[in-house]
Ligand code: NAP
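Only one chain is included here, represented as structure tokens and corresponding to the form predicted alone.
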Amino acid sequence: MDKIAFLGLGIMGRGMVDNLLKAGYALTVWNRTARKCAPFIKRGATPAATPAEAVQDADVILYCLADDAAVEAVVFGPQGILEGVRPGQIAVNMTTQLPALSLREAAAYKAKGVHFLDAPVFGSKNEAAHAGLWIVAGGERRIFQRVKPILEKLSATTHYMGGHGKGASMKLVGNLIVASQLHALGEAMILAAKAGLNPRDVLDVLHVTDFKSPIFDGVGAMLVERNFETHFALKLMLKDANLIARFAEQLRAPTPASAVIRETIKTAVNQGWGEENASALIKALEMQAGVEVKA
């Protein structure tokens, strides 16, 4: 069985590490805040002091980090992954990032004789904890097939999207849709409130119609309960919205709706709700409307 190094123990990383340990993999873990490694060390994982140390003995290197800046530091920085790798290893980046950064990583790893996949994930806290993520991968197909058994321990489905950068591209395409659905749900629930509709009755209809969505089902109930427990932080959705804007600009692709959504998210973050769940963007819409969605 492969030896795995896992770097990045945020909300998503912790769930993935938990499932890899359950699957019986020998695991080395690293996190910028070292105390987050403690629960996994108690269960048999080996701690590492630096990213370079973490990857030295691994067959497969997985990392899931907050943003492009974190990837730059952990991969390319002093005592970073590239300083510890050896030929024949496989590095898999599960971070949401610009495809251009994936291409830079692929080239840097190739120079070291290391194979690389960009393989970001769809899903949030619950999917990570219950091995229910959806993984989209870019890179060589044979490398994808090689690590697929590992990825399947973390996911409901895995999808090969093409060469390097294609997994990262698909993640930004998908996140545009996620943000659009959250924004549409917020607008709809506020319109319903102004029309005097019972929000639970509204959700009953959304659950059965041909425009139903798991996001409407899950987030809708949380909205009427005013539950903004963090499964995916709003500040990270703003980071993703900024990435989508940059990616679309690079490709000269029109994304006018996402530009409006990004402004709503920015307003909500500036109001101090960035640490709350991404669904807290509705609070910015409520401010505009002068209403509060209630059960």
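None of the values given here were measured: they were computed from a predicted structure. The numbering used is simple: start at 1 and walk along the sequence shown.
We do not show the form predicted together with the ligand, though everything after this point is about it.
The candidate spot formed by Thr33, Lys36 and Ala70 lies fully in contact with the ligand in the predicted bound form, as each residue has a heavy atom within 4.5 Å of it. Not displayed here, the ligand is kept clear of Phe228 by more than 4.5 Å at the level of heavy atoms in the predicted bound form. The ligand in the predicted bound form comes within 4.5 Å of a heavy atom belonging to Lys239. Under a 4.5 angstroms non-hydrogen atom cutoff, the ligand in the predicted bound form lacks Leu182 among its neighbouring residues. Contact between Cys64 and the ligand in the predicted bound form is found at the 4.5 Å heavy atom cutoff. Proximity to the ligand in the predicted bound form, defined as a heavy atom within 4.5 Å, singles out one entry of Ala131, Ala193, Val121, Val202, which is Val121. Only one of 147-155, 70-78, 210-218, 100-108 lies within 4.5 Å of the ligand in the predicted bound form by heavy atoms, and it is 70-78.
Taking the ligand as positioned in the predicted bound form, the residues of 95-121 that bring a heavy atom within 4.5 Å of it are, in sequence order, Thr95, Thr96, Val121.
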